[in-house]
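In the form predicted alone, a lone chain appears below as structure tokens.
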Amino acid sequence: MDLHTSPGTADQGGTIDLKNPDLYVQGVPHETFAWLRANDPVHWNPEVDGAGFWALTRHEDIVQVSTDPETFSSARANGGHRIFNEDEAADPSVEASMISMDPPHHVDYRRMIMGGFTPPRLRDMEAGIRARANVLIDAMIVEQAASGEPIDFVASFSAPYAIQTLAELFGVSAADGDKLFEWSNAVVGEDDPELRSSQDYINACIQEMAIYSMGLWQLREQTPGDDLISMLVRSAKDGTDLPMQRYLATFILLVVAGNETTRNSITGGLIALDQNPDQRAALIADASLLPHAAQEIVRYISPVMHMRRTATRDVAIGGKTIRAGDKVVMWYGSGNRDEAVFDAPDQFDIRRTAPRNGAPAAAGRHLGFGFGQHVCLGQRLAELQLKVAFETLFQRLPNLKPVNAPRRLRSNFINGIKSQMVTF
């Protein structure tokens, strides 16, 4: 199919609608993004149900917007971090989380949980992450032996692996993982009827999260620990303004962030390695490539496809005038395939360590975890989980192989895989 002339995409004679979630059901339309980078990198995207938005597809422009929060706001009052306007669509019982704040408030809330992601803390977690991978692999072996059929890698490994690490960060039982997983899917799956069947369902999920998170708060007030919930409780006691509605928003953010990036990067990474057997063989032969592989997987997959900002003043980008109040959407998956920054950007290369010759040093950083003020706080933990996952999987299941096409999330926001059958 020609992605430039099929429904929802176009060449110069048609209309490209990057908001349409159906555009991503068969995979990220990289040909469309490549056309935009070459022909219309600051693209005006009309909306049927909104005012329209500027779509940024070049790495350089995304970095510019990401590092100028005074001009490009994330605050909910200005619309927030999604294409839709959070100030109009958000549940009024849930206040904005740090992802929908600007400095200095964003920095204040970020500091509350930074202690959960320090290098010493990650070193302490590594043995548990490795043990978790082995337990899940044990269960996969039993499951396939019992059925004799391919098994779902998402359900059997990547989802529980990510969500059980999140449970550890919260200081709760791994048995709570099923609920955390369901809630995460409901929050980000607004365009997928399988994950969000109705508004009543998402309201029920928010209510369940509120009750659960309040119970954790009360427990940590009585018995504090070194988990993320305890850090939030201590910050509130130390004088940080953290009303319960904002605590709930922070809890929801952590549930989603702790699950989506890691789960989809592991599943997408397995598919990419299978499609590039030379890279898979190199990784199995040389474990020192694991750190580079983790970075390349996140660049290549780009599990979070976009973030939005709102212009606070008139500004020019790429020869286009963006007016105060305009929505600006940064497409990370496109920036991560920018030919001006990465040599052979559509090639999956686990030895990739630097930008192409002539590109600025800062430009060589991939955008898979965002950039600037809002760069993902848990990126080092995600990279650690990726390294441990593939090291352990390929040591124990060297013939692990996807079969058939994945079942993908209907979303313009998360590059998600709901199911991927495998054999080994």
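Numbers follow the displayed sequence, beginning with 1. Keep in mind that this is a model prediction, so the values were computed, not measured.
Absent from the display: the form predicted in complex with protoporphyrin IX containing FE (HEM). The rest refers to it.
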Protoporphyrin IX containing FE (HEM): the contacting residue among Ala186, Met98, Ile83, Ile322 in the predicted complex [heavy atom, 4.5 Å]: Met98
Picking from Val28, Val388, Leu381, Ala34, the single residue whose non-hydrogen atoms come within 4.5 angstroms of protoporphyrin IX containing FE (HEM) in the predicted complex is Leu381
Taking heavy atoms only, is Val375 within 4.5 angstroms of protoporphyrin IX containing FE (HEM) in the predicted complex? yes
Could you tell me if Gly370 has a non-hydrogen atom within 4.5 Å of protoporphyrin IX containing FE (HEM) in the predicted complex? yes
Looking in the predicted complex, any heavy atom of Arg76 within 4.5 Å of protoporphyrin IX containing FE (HEM)? no
Is there a non-hydrogen atom of Phe117 within 4.5 angstroms of a non-hydrogen atom of protoporphyrin IX containing FE (HEM) in the predicted complex? yes
Heavy atom contact within 4.5 Å of protoporphyrin IX containing FE (HEM) in the predicted complex, the stretch among 153-161, 277-285, 299-307, 131-139: 299-307
Looking at protoporphyrin IX containing FE (HEM) in the predicted complex, is some heavy atom of each of Leu166, Gly258 and Thr262 within 4.5 Å of it? yes
